[in-house]
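A single chain, nothing else alongside it, follows as structure tokens in the form predicted alone.
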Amino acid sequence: MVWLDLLINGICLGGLYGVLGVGLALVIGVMRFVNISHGEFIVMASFLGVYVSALLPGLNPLWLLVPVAVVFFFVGYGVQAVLFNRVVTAPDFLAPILLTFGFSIVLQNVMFESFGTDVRALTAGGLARQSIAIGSVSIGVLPLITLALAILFFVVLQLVIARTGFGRAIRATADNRDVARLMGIKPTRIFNITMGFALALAAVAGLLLAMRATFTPFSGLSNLLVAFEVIVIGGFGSFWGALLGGFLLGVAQLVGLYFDPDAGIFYVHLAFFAVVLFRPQGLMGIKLP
């Protein structure tokens, strides 16, 4: 039953990792744009959640998910429109990486100046201590809620991409932005909305992560690494692959901690290395040439 417990709780943790990566996967899939500052936005959402919770003591932090996501949608829309669109079509592939890398350093130092280096966490109250017992397996209520939200986000995102007019515009822009422009689609507007959705998902991930772990202004890099590992393991271009990659990393982390309590997320990175070594196209990605 120990293995069943590790598997179930690892999948719950993996749902959170999937949400960490899906926003980045969306941006890369639509714009072919690597946002190095993705991790910093996750941390900013965590700090915003802590700040609002301090102003409204006793408020269940789950109620913050929607308003914080809306705020970060507009942040993403604005950042893309004002800053990132300047380099998203640049012929030099290094331009977007250098710009977002520099922007991540700016955000990190702004958070450092604003909040200091103290370790923070978002208190979930009694929700963090509640669990459901199924036989000898105990599952936390908060991890179950996180898993349910992750699956919901992936289902909604897949339906929007596959079944709506806006989703068709996204797919057309991702396939060939020049042809999409000839069909009356404005790629820059699609890019703005895509980044808005990506950062809204990043904000939700930041709040959920802050309820389960501590963070500092310098936690963005670790978040970015996990997000990259999720989408690489799942395979570029596959949203469900990102969720599957999150599941794999979550299970790998808990199994590793079972055998080596001091390992941290070492086995997460080891699982990533193994997948890249033996299946570089990812679990659900297309075969690379």
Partner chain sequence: MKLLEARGLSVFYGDLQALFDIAVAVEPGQTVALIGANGAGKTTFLKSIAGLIASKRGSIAFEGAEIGALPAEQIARLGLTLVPEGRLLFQNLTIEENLLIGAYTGRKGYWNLGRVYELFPAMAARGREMPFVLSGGEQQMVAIGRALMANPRLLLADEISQGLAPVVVDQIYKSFPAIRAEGTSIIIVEQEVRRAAAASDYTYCLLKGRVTLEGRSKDLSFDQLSHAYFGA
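Because the structure is predicted, anything quoted here is derived from the model rather than measured. Numbering follows the first chain given and starts at 1.
Not pictured, yet referred to below: the form predicted in complex with the partner chain.
Heavy atoms within 4.5 Å of the partner chain in the predicted complex are found in one stretch of 214-222, 128-136, 79-87, 167-175, which is 167-175. Residue in contact with the partner chain in the predicted complex (any heavy atom within 4.5 Å), chosen from Val179, Leu159, Ala148, Ile105: Val179.
In summary, among the residues Leu152, Ala95, Met183, Val119, the only one with a non-hydrogen atom within 4.5 Å of the partner chain in the predicted complex is Met183.
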